[in-house]
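Okay, here we've got a single chain as structure tokens, the form predicted alone, with questions on binding and movement later.
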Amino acid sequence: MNTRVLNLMENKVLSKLTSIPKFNEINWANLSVQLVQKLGVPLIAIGIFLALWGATASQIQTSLGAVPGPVKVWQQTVVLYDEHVEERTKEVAFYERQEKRNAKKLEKNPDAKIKVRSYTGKPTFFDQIITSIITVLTGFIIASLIAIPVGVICGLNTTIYNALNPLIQTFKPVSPLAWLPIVTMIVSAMYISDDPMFSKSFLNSAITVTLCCMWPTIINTTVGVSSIDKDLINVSRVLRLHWLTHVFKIVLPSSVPMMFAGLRVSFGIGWMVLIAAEMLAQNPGLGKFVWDEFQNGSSNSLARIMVAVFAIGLVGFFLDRVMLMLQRSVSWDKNAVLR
């Protein structure tokens, strides 16, 4: 019996090994083409962009001097990183001094009350990036938890869709600059606490993101649900699936492409809205960093603003890639081309 099992396992291993293409059989021409398309072409495009930017930047004069080129922007990126490292070093030294001071107090008097203070240094550029990412993720998740169920219900029920569609189309084009004052006044009036869990600035930004970025998800989810293949609906009826089972087994998997198209658009809108809200309300984040540098008006301000612009773009690109990976993981059609 053991010999038979071993033979079967050996046959399976051999079959898998023989199915692996040999080194000489690999189509190196196709691999080269794919490498050029996925890596070479983007690098060439980036190189052309940097060359044009470097050639034209010095020709444009502003009140703060010439527009900074790639070299100066990179130099300010290094400066911002050095400032971040310096600030973190000060923070570590602050807590070390505090611990030593408290330890001496406890040595003299074990019953002494010690105070633990938080470091209140100025947030660095990288701190602002993290703050903005946390804020936009909070607003986007809340918006998605609202938008997806609403979109599913609207797609399944024509009456509810007809009732909600005028409201959706009315609020969809409202600018974050209009929502922000309303949200600020409501939060200030209702969120009153001696020991708040969240700062008001964080809530103002997150709620504004939620109000502005939920609409594409609602609309796309509605379209995806309402355009499900009729054969799938008939199969569900024949099997007499429960309503929730019908939604989770038929509706959601079938509407994943349209739903994620809406989610990706919503995420991009939420990120843009957040930067605008932070600039207008002076809430912590990348938007406030840009506005502060604009108000500063130093010779390096324009270059530092451009560093922030690239950071905003790269973070937005990264968040979109994360959504794309998530879509690929939950999509039932693994052969679908997603970009």
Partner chain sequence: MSTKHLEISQVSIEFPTPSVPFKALDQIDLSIKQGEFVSLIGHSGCGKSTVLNIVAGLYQATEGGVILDGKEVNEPGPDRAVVFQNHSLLPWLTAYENVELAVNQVFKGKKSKVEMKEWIEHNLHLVHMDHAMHKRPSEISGGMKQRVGIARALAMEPKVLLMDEPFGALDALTRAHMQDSLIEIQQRLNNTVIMITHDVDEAVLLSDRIVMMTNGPAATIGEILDVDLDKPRNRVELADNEDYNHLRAQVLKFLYERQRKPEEAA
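Note that the structure is a prediction, hence the values are computed from the model and not measured. Numbering follows the first chain given and starts at 1.
The following text describes the form predicted in complex with its partner chain, which does not appear among the structures shown.
With the partner omitted from this view, the residue of A178, L106, I130, L241 that lies near its partner chain in the model of the complex is L241 [heavy atom within 4.5 Å].
Only one of the listed residues (P196, P253, G121, P149) places a non-hydrogen atom within 4.5 angstroms of its partner chain in the model of the complex, and that residue is P253.
The candidate spot formed by N234, R237 and K249 lies fully in contact with its partner chain in the model of the complex, as each residue has a heavy atom within 4.5 Å of it. Heavy atoms within 4.5 Å of its partner chain in the model of the complex belong, among the stretches 253 to 261, 81 to 89, 162 to 170, 213 to 221, to residues of 253 to 261.
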